[in-house]
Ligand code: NAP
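Single chain ahead, written as structure tokens, the form predicted on its own.
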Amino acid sequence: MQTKLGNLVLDRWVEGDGEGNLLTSAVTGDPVAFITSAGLEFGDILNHARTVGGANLRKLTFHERGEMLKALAKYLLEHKKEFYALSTATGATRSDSWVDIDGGISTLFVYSGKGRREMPNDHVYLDGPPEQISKNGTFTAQHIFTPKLGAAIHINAFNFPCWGMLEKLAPTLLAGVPAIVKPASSTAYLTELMVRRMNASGILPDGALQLICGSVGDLFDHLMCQDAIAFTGSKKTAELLQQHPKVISESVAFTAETDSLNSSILGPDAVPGTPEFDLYIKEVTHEMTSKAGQKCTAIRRIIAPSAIAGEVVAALSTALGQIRIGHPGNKDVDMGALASQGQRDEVRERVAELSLQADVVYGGTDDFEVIDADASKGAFFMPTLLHCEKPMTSNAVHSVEAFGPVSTVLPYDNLDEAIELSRLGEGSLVGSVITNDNDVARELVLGTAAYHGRMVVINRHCAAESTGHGSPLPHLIHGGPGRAGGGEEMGGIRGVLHYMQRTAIQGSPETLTAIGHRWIRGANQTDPGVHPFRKTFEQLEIGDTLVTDSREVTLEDIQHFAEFTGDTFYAHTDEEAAAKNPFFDGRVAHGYLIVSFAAGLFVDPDFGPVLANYGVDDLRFAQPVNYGDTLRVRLACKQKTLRAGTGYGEVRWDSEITNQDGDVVAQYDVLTLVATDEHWASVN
């Protein structure tokens, strides 16, 4: 047993004053550690995050922060055996721990990859294209994102002491914002162990991560408008924190993930004997018993057709009867204990409330077998299934959440009733639909999506690869409206932007180019002196511009392209038919012929620093090109993104094709990979 959990504050480990509260194993009831944060100076903790952690993180580019997350994930993988061993004390089986530990670490990997692929190797993130706000283009605008200059306070729940921390940390650190983590006390010992390893790695810069084990004291009294709060827990606690005077007066960004009576709807086509019925029973059983039902995404309401509700109850009762409960360290055990005896007692109370309006049809008793453990010392609870005959008029099944292996069957007579039952949850993190009828799927999704942060539709065609009802993914938003808290976490780069400020910048194209490191039309164009394709990544400058010679498009060119490619669309091959088209006055050149001719005009053919063309973005044809027209290309270096350690960088070129009258006929971005000085020197 560790005597007392440490607090990582001001880049050193500090024990709180006094003995603190005792934390015990959810399985054996044995002491694990004491926890307290008494005596900490919370104002100093916030100030350290802002002045030291924030400053250090903002020195790094998005790509450097992404590499930092990758290194951290690799380091944690090397130590995960320690985390698994301690995770057993929380009541988690090995599969439960895999979701919490490996799932959390994988979130770091995902955000590392997204940061390096989808964000620039820079300190500012551009939000969309420039806005044209003046007639001549000399005054323009661009939305940008920059890191907030405060700290992110992460208040996490007990059920996922690792994933719950890492899924918040990954986008926060990638944004360049330091974090202060406050885990739920009952399982804080596992969070503390992981933070100890993270701190020992030396990967994170000073001040980037601090940990408070215990109460947050007067932390909220020191909040400022640049700070952000991400909370996971009960709706009651979230509302209390949101009403703190500083949160209100400073307009502190507050993201909440709270109670969620998630539903899963079984389509009327999914009758017994169909693959979908079997999938439904398997999915509900898994969601009820995974992590002993202690998941904010677990299925709490089982919405099934009235005609087969009895068969759903029977099939679920059979499946739940096969779940083996006991010591989570035993490989034969399917479900471990709840996180604490206090949590077990609370679930008992919630089941009692539910049973006033629904019948317990399976479980609901303390008389059950426990493998390799003493039920009287651990926080074990039997999977419990209820059935509510009149769910449209029973409010408890839509408002009382038993945060454990508990769910209620709610029968419906038609799809409108199924939709209404789902909505009665008043906002959920996730909902699921299991049906093989796509028309049913569409009606149910469109009818309920406004009440959900995420929805998953499962049938026989996707089941094998489906991540399931209750698995939040870093690529997708995790949150929901109403009762679920009204917030969003993760969601790819969307999650990063929660910790950044969006600002509309107005000025000249040249000024905005300098701020965003992305060339804007109307900004200065520089003569590179040589063909820009002869320059290495470092030698290229934003604004380097090539204006090509011109080339006439002939009727023979159009005919040859049509015959050679097989693209004999009438607008290119039939003069009379083309003239009937409201967009043309006769035969016109293929769009791809125009782009091909443009490449022939601007490409330098010799072996050079340009290694590859890997794509074209935002291609638009502004007006048709007739035979007899002449084309010219203006190619400007628009944006540079170094791919560190690869020997090359990505260069985006702004391409504009004009005709003999100077009218733009096509615009697009060309993407190339260009060798760095070092790589180019090594091959020459």
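Being a predicted model, the structure only gives us computed values, none of them experimental. All residue numbers refer to positions in the sequence shown, first residue = 1.
Omitted here: the form predicted together with the named molecule. The next part is about that form.
- Contact check for Leu429: a non-hydrogen atom falls within 4.5 Å of the named molecule in the model of the complex.
- Although the partner is absent here, Lys182 is a contact residue: one of its heavy atoms lies within 4.5 angstroms of the named molecule in the model of the complex.
- Taking non-hydrogen atoms only, Ser260 approaches the named molecule to within 4.5 angstroms in the model of the complex.
- For His478, a non-hydrogen atom is located within 4.5 Å of the named molecule in the model of the complex, even though that partner is not displayed.
- A heavy atom within 4.5 Å of the named molecule in the model of the complex is found for exactly one of Asn459, Ser466, Ser234, Asn330: Ser234.
- Proximity to the named molecule in the model of the complex, defined as a heavy atom within 4.5 Å, holds among Tyr125, Phe158, Tyr499, Tyr280 only for Phe158.
- The candidate spot formed by Val216, Leu241 and Phe403 is fully in contact with the named molecule in the model of the complex: every one of the three has a heavy atom within 4.5 Å.
- Stretch 250-258 is the contacting one of 376-384, 442-450, 584-592, 250-258, since its residues have non-hydrogen atoms within 4.5 Å of the named molecule in the model of the complex.
- Although the named molecule is not shown here, in the model of the complex the stretch 266-300 places heavy atoms of just one residue, Cys296, within 4.5 Å of it.
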